[in-house]
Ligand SMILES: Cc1cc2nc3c(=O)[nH]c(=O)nc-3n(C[C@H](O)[C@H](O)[C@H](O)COP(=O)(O)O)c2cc1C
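Below sits a lone chain in structure tokens, taken as the form predicted alone.
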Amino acid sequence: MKKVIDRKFCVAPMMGYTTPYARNLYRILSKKTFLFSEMIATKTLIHSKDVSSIIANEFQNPIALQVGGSEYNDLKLSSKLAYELNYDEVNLNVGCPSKAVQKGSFGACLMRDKVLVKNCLDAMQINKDIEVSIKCRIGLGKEFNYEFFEEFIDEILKSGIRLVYVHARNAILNGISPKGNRNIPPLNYSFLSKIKSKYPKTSFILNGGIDSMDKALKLSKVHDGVMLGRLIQNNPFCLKDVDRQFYNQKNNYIVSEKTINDYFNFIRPKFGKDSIYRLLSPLLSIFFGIPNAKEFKINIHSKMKEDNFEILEKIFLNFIKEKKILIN
């Protein structure tokens, strides 16, 4: 039976950022936040020898595996793998506008064929114990078209899914970069409110343009949940307040020496098997917005070049001891 999970606050799937290491840090800081893997193509998921380094789920629940693809058998196998790795959810990416993704026949370009998307979601539902969901845009091109969005949702919900993450912008498939697609097309949150009124039993999670925790909290009271990406990428340590602010937990997480110890205990067995930068990059955001952190940053980067793992841990611990009040 599927777990009952509150997705009031979600961290968006981000290529190169929501790695297993970053997700471990997120989970240290917040027990309730709903996490996502990086988006991974179904072909890579099925055939890569190193895929476990991308999709490893080491006690990071609640969590979703996001996949990109449009071939039914590949999607079935991806759902099976997600279930075997104890993911709570497998999510179909129908929102990424990049040229590479379009070439692979997945991402936002699939919104042109709503029946195909519905069939993809049908294929993914291989087990009643894992949730199947979709992440999409509100449309394609430069002009808003609510009827297009509603017809798309009408069709995909025939698959039986009841969980839709919506980046509340159109995707422009030609002429601008994926980065531009995250901020150039205008936002339109009203599409979510309108579709929710038609499908009150479906959960619609809002993504796009949420640039502060205050804004996230306000929007979470209007919508079924919120999904944040770049804010968490820049400063994952804001997650320490999520359990209290969004889930009414009494205990407030304090960033301390234990945070560093817990994180280093997780990555220590991976040292030498992955690059030191990939292992430590999530933790580097601890310097975000902290005055007089430059000396620590210079020291960290110097020791990263030397691959001196134990000294790196000591530098982070010293930083916490000195800046604990500012971080919290």
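This structure is a prediction, so every number in the text was calculated from the model and none was measured. So that there is no doubt, residue numbering starts at 1 and follows the sequence shown.
Omitted from view is the form predicted in complex with the named molecule, to which the following refers.
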- prompt: Pick from S203, S98, S159, N207: which has a non-hydrogen atom within 4.5 Å of the named molecule in the predicted bound form?
  reply: N207
- prompt: So which of K218, K258, K80, R230 gets a non-hydrogen atom within 4.5 Å of the named molecule in the predicted bound form?
  reply: R230
field: in the predicted bound form, segment of 209 to 217, 191 to 199, 119 to 127, 145 to 153 with a heavy atom within 4.5 Å of the named molecule
entry: 209 to 217
query: Any of the heavy atoms of L25 lying within 4.5 Å of the named molecule in the predicted bound form?
result: no
message: Taking any heavy atom pair closer than or equal to 4.5 Å as contact, tell me whether N93 reaches the named molecule in the predicted bound form.
response: yes
task: Answer with yes or no whether A64 is in contact with the named molecule in the predicted bound form, where contact means some heavy atom within 4.5 Å.
output: no
task: Determine whether any heavy atom of A12 comes within 4.5 Å of a heavy atom of the named molecule in the predicted bound form, and answer yes or no.
output: yes
statement: In sequence order, the residues of 157 to 180 that place a heavy atom within 4.5 Å of the named molecule in the predicted bound form are H167
